[in-house]
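Next comes just one chain, in structure tokens: the form predicted on its own.
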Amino acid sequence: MEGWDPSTKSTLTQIPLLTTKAGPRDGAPWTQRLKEEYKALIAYTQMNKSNDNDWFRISAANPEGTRWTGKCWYVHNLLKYEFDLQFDIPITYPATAPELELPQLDGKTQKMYRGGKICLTVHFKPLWAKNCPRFGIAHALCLGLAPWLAAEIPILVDSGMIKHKDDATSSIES
């Protein structure tokens, strides 16, 4: 955690670390891991809300907890930009981090792979590997998606690659 700003360190230390090393094929241990994932996500969400920094909603899209969907948003120039968020838990989880997808932004930035998967290889994947199995979905959002949104959304807005929903509807009405 050296070299991180105090805010990131503080946030990360408040997200519970996970202890169960289990993936989707592991049966009962996976169920235990999912419980830990939910506890960490709840803690992270509550912390964000208490700090007036609420920026995502996700939930498991299937009973097995292998597909997740939701929304994330970023405020830039006092305008809220909202995006669909989805990801699958890899078979090799937790050794492999989930690939977070923002399908609406597919093809709009070079820091993204086909299908809207955000690029996390250089900075996040080594951090994930070093902290396996203690990191989970909440950590991927905190250390992967949040910085990606902060770096990319202002550039995409300023370059005109994405428009605010109010701008899009007003240009259609004109």
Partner chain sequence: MEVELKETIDELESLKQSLTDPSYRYPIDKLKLRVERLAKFGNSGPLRRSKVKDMSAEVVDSNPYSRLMALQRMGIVQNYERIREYSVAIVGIGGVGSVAAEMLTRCGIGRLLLYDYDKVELANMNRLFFRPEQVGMTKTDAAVQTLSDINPDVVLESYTLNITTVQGFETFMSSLKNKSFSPNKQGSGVDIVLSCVDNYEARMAVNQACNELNQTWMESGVSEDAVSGHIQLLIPGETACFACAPPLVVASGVDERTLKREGVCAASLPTTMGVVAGLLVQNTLKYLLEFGQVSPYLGYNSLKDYFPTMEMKPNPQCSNAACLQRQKEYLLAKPARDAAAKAKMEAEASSSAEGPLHLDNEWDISVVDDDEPEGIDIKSSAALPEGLTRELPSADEFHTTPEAPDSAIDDIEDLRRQLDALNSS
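Residue numbers count along the first chain shown, from 1. Note that the structure is a prediction, hence the values are computed from the model and not measured.
Absent from the display: the form predicted together with its partner chain. The rest refers to it.
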| query | finding |
| --- | --- |
| Candidate spot H76, P147 and K165, all three touching its partner chain in the predicted complex (heavy atom, 4.5 Å) | no |
| Exercise: T92 in contact with its partner chain in the predicted complex, heavy atom 4.5 Å | yes |
| Distance check, A97 to its partner chain in the predicted complex, heavy atom within 4.5 Å | yes |
| Proximity of L143 to its partner chain in the predicted complex, heavy atoms at 4.5 Å | no |
| P29, heavy atom within 4.5 angstroms of its partner chain in the predicted complex | no |
| Contact set, 18-54 vs its partner chain in the predicted complex - heavy atom within 4.5 angstroms | T19, K21, P24, R25, T31, Q32, L34, K35, E36, Y38, K39, L41, I42, T45, Q46, K49 |
